[in-house]
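Quick setup: one chain, the form predicted alone, written in structure tokens, and binding and motion questions come after.
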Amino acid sequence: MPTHCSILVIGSGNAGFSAALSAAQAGASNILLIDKCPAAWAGGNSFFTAGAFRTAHGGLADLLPLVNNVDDETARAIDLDPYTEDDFSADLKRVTNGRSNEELGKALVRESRAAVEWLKRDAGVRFQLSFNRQAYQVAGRWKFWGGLHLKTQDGGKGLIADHMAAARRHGVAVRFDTAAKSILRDPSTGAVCGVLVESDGKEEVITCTAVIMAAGGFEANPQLRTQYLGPGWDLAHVRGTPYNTGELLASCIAQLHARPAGNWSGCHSVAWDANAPPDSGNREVSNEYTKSGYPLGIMVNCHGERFVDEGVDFRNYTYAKFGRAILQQPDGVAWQVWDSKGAALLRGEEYREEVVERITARSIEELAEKCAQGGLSGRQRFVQTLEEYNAAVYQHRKENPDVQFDPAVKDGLSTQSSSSALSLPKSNWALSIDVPPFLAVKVTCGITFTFGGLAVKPETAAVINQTGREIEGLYAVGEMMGGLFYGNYPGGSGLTSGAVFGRRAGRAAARLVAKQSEGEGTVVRAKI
């Protein structure tokens, strides 16, 4: 294990690797990246994502140079509108109820396109248009929706493979099975001077000039989830790495008096396969345990009652908060329900028989009986809910015969009409559930990452203490940076944030190292 480096990066996810690459490109050498996980768990939560990056752009022509999966013939059959910086900013403000830190939000939006291009050009990240997740084929054309159009080839697995290859090319040393225990500071200056780490059961100190923390939140720690997110959150399933347990966050706040920031009672949580492992993700199945097809059907709890408007917005603006809604239901579970029309549009990677238990039936009554075997207690209410829903859908169709189903836009097909309106509407994509075979899938809450973190200076991601001063040489990015997301987030913003602020932190750390090296050289020359 090296005992000295210039810049120490803690965390092997997208944010950490972005920071290390940025520092190397800015002229720093002797960069070390560590992670407490074994090498087999490299990549943090980034590994478990679909690799989606939200970025402002000028439309299809602006994105085509970035991607490797569109030929000329396919391009002519794509409808993909520009997603401007104003669009991105408005979405961020809307889904966070205006609570997102303004300066962090501006940086995220304004540098989103440049960060993606940088990852492609300098990290070799392979981007693609997200046909499978963010487009529907309508009348022979691919119609993209929701402002989220880019993903990485092979999802999070491919993203981390590309990052690790880039780290090797740029001379970044990587060590696993090495846990950061605490950040050390020079008692005379207060600047960071090293990190106490534990490896192979032994504690030792790695001295350095700068530390970039990208070690994740506390989503895999049931005690901290209950403490900060509230009662019942110890029962949430962990979507990703089991190693994001929050000790470094707690250490920075307690020992360095770093200022907490952001939504500490908030998190990203999704509809997740109820039969998935509870305490960590599966690196083979990865993101396929996500169950995001609810806009095409309905969700009911164990009493047979709906509890959210499944069509209130595009899925990538609701999926990160609907996990919480599921956890709040009795027993913390729900069933997603479709007929043959909706089921035909579900993504195979999430709903194929190999990855999920598909409950099928020829009638709604039979479906209720089968769901009851898995915990549904309100069988009669389940049937009644479907009957009421269908009746409301039929009446809306009767009053609005010209409105057509279109999953690529907010189509206005709803349950609300002048003569029939549900107390809890379905605002868009309200297909009737009446053509067998019927399908149900049992889901629970899967937590992805926590929103609470540390306050940083937006320009550099430098950590700020309780008095508002920077802690020299300390930076926080990724999930450890607080203040950007509150209650919800626009899908794909997390990976973009890691790249944008990881890049900023890497450059700032490299400048600090160069400045100190120049200062030491001046002292030596003066002594001579």
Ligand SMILES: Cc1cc2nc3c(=O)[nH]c(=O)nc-3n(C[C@H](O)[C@H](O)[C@H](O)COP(=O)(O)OP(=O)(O)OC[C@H]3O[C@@H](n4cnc5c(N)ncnc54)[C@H](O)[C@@H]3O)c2cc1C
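Quick note: we count residues from 1 along the sequence shown, nothing fancier. This structure is a prediction, so every number in the text was calculated from the model and none was measured.
We do not show the form predicted in complex with the ligand, though everything after this point is about it.
- This chain appears without its partner; in the predicted bound form, the one residue of 484, 28, 495, 474 with a heavy atom within 4.5 Å of the ligand is 495.
- Stretch 172 to 180 is the answer when you ask which of 172 to 180, 97 to 105, 418 to 426, 405 to 413 has residues with heavy atoms within 4.5 Å of the ligand in the predicted bound form.
- Contact between residue 57 and the ligand in the predicted bound form is not found at the 4.5 Å heavy atom cutoff.
- Although the partner is absent from this view, residue 489 contacts the ligand in the predicted bound form, with a non-hydrogen atom inside 4.5 angstroms.
- Using a 4.5 Å cutoff between non-hydrogen atoms, residue 269 does not count as a contact of the ligand in the predicted bound form.
- Under a 4.5 angstroms non-hydrogen atom cutoff, the ligand in the predicted bound form has residue 239 among its neighbouring residues.
- Shown without its partner, the chain has 44, 45, 46, 48, 49, 50, 51, 52 in segment 44 to 78 as residues with a non-hydrogen atom within 4.5 angstroms of the ligand in the predicted bound form.
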